[in-house]
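Have a look below at one chain only, the form predicted alone, in structure tokens format.
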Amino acid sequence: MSYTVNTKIQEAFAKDVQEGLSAKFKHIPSKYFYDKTGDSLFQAIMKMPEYYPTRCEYEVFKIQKKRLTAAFQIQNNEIDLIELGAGDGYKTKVLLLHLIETGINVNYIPVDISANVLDILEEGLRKEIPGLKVNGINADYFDALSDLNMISEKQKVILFLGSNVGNLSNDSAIEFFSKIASLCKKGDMLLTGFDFKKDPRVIQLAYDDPTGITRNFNLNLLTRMNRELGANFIVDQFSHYPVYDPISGTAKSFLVSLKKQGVNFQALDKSFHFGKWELVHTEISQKYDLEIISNLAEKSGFNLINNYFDCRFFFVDSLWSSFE
């Protein structure tokens, strides 16, 4: 299946950039990291020795797949497996293979803002799991949520992996999960990945590697704005600055303007000015503990069923069920 450019995403990109760069404290949502180059750079990040979350969650799926699928309590031997922010499906393939091998009829619905990554995912699944039903949705997963109940009447397990929830503030996470809960039926479940608080130096290196891959990932946002919005950023006049606060458990990434400069956007018919050392906030990655996770489930309208850990307790996948 080939995916065309989602004009709604493009319009949202322009709108969010204009609003974010017009704010007193400039910011751009991290979801716009993921163009074709950003996808490739994130694949490289996941392979870095310093970036532990992907390996930890993969380990969770490898060692806990039987317990996980049993906990899904699959009805009538069929299930819609909906993944929000699917990426390349590296970890999910472990679960998909296990479900297929145990005779479960799976309809896999990956949702991602990147059409490019959905193409790559479907091509890989055709080779690795022939016959698997795949129905990709190229959309912001917030927009895709409203369509969940229209897909089918089958039981649904919604995956939100990779600690993507960490990109949301606590209030936004509750709002997001509450929206999912409102669209769930009794028996539907949500499996969410959470990155635990740990040695601050381990976390810092995951966002500031010595080889500069995370730097390039952040700076690629400027290149994307140049290409898609007709901006004239000089990339070398910005630097990558990540910081982790172990008290709040919040990791943040910024772009730093190295000089006083103006940048014109043809698509917006507008210019923005950056002071020397001015920051542009591009990402938040919240870290959690079990108490916070339990509170999130309760406040969002879910029952916490169980938590599944890697061997070092660096990461947890938490399974919740709908109240309704």
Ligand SMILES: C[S@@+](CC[C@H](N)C(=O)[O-])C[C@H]1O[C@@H](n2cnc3c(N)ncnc32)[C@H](O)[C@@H]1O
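Throughout, we count residues from 1 along the sequence that is shown. All values derive from a computational prediction rather than experimental measurement.
The following text describes the form predicted in complex with this ligand, which does not appear among the structures shown.
Visitor: Taking any heavy atom pair closer than or equal to 4.5 Å as contact, tell me whether residue 213 reaches this ligand in the model of the complex.
Guide: No, no contact at 4.5 Å.
Visitor: Answer with yes or no whether residue 164 is in contact with this ligand in the model of the complex, where contact means some heavy atom within 4.5 Å.
Guide: Close contact exists here: in the model of the complex, residue 164 approaches this ligand to within 4.5 Å, heavy atoms only.
Visitor: Is there a heavy atom of residue 26 no more than 4.5 Å from a heavy atom of this ligand in the model of the complex?
Guide: No, residue 26 stays farther than 4.5 Å from this ligand in the model of the complex.
Visitor: Wondering, does residue 139 line up within 4.5 Å of this ligand in the model of the complex on heavy atoms?
Guide: Answer yes; at least one heavy atom of residue 139 falls within 4.5 Å of this ligand in the model of the complex.
Visitor: Out of the stretches listed (94-102, 114-122, 181-189, 236-244), which one is close to this ligand in the model of the complex, meaning heavy atoms within 4.5 Å?
Guide: It is 114-122 that comes within 4.5 Å of the partner.
Visitor: Have a look at 221, 86, 157, 203 for me and say which one sits with a heavy atom within 4.5 Å of this ligand in the model of the complex.
Guide: For this set of options, the contacting one is 86.
Visitor: Of these, 55, 287, 31, 65, which has a heavy atom no more than 4.5 Å from this ligand in the model of the complex?
Guide: Looking at the other structure, the residue within range turns out to be 31.
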